[in-house]
Every structure is written in C-alpha cells, then in structure tokens.
Ligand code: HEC
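First, one chain by itself in structure tokens, the form predicted on its own.
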C-alpha cells in the first residue's frame, strides 16, 4: 500500500469555503471542516475497499468461494488495521446491523448512524452520500455500502447459495446475520474515526 497523503489532500481547496452547516451531520460545523473530514474519510474508505476487493478477487480466483470465505475470515480485520496504520491518526471499522463477524457489531453511535441511513433511504429512496458525527473528542465519518452482484455469493439468499458456502459460513460464523441481501441493498458502513485535534490543525 502507498502512503495516502490524506492530510495534504484534506487541506487542499479548504479555504474557498465559508461558514454554514451540513444536513449529513449530528452537529453544525462550517463547510471547510466538513470538507476536511470528508477528505480524510473518503480516502481511508477507498483505500480499505481497494485492499479488501483485491484480497477477495485473488481468493476467489485461487481458492473458490468456500476458500475465499476462510481467507476473508482471517485477513479482513488485519487489512483494516493495516490501512488505518498506513494513513495514521485514524481508526477504521466496517459495521452493520446484519454483521457477520461479532467484532463488527455496531456500538451505540454507529447504530445511530446506521439508523440515519436506513430512515433517510426509506423516506427519500436514496442513500445519503455520507454522515458525520462528533463523538468524545473525535469526528466519525460514515461511508454507506451497497450490495454488489459478487456479494451475493456469500451474502445472498441461502436457498440460492452454494450449499458448501452455506456450510462454511455456519462453521466460521455460527451467529451470522449477514445473508438475505439483494443487489443494491444497503449493506452497512465504513466508519473512519479522526481525532478532533487532527481536524482542527488541518482547518487552520
């Protein structure tokens, strides 16, 4: 993985914004601060998705769907941590109400964000592009995820999945909640947590 240079990207163009607020946050803040948080969050999210997709693609090609599940169960958390360390000063987590790995169970603030996406989708028919929280000395950026066709291999209707895949999921995740999806469904979020002092320095 290459250095993200997130802080520099986040600062670029910031001074052109004035004061105001965004509807996609739990607290009012000037647009330039929103811009910085979004840049941090988007860069981290895209890097994580790129690494996870690369790992999944390789596993599917070399080991097939059943082997890919086993690879993901061992490597997904490690890859997430590696991306966070590569960027620095942040934490990253994937979470959903229908989680597979218990480590991805949402905390109370993540649950609030997930509800925001679900309720907005229900009311408007569209997913918000992001959501920002200010929580205990940090900003949390949430990027929503949709189910893609390849996801149905192990997240679709178990009745239509390979029986060997279903069996492997039961073995690795006996309390699995992450099946029954259709293409385009709201899957969950990537949460990127950034210390408040990092954002303040970037906004100077």
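Note that the structure is predicted; figures quoted are calculated from it, not measured. Positions refer to the first chain, counted from 1.
Below, we turn to the form predicted in complex with the ligand, even though it does not appear here.
Heavy atoms of no residue among 37, 50 and 83 are located within 4.5 Å of the ligand in the model of the complex.
This chain lacks the partner; the member of 120, 73, 112, 91 within 4.5 angstroms of the ligand in the model of the complex by a non-hydrogen atom is 73.
Proximity to the ligand in the model of the complex, taken as a non-hydrogen atom within 4.5 angstroms, holds for one residue of 29, 166, 135, 150, which is 150. The ligand is not drawn, but in the model of the complex it has no heavy atom within 4.5 Å of residue 61. Residue contact check for residue 140: none of its heavy atoms lie within 4.5 Å of the ligand in the model of the complex. In the model of the complex, none of the heavy atoms of residue 116 sits within 4.5 Å of a heavy atom of the ligand. At a distance threshold of 4.5 angstroms between non-hydrogen atoms, residue 33 is out of contact with the ligand in the model of the complex. Interface residues of 62-87, taken as those with a heavy atom within 4.5 Å of the ligand in the model of the complex (partner not displayed): 65, 68, 69, 72, 73, 76, 77, in sequence order.
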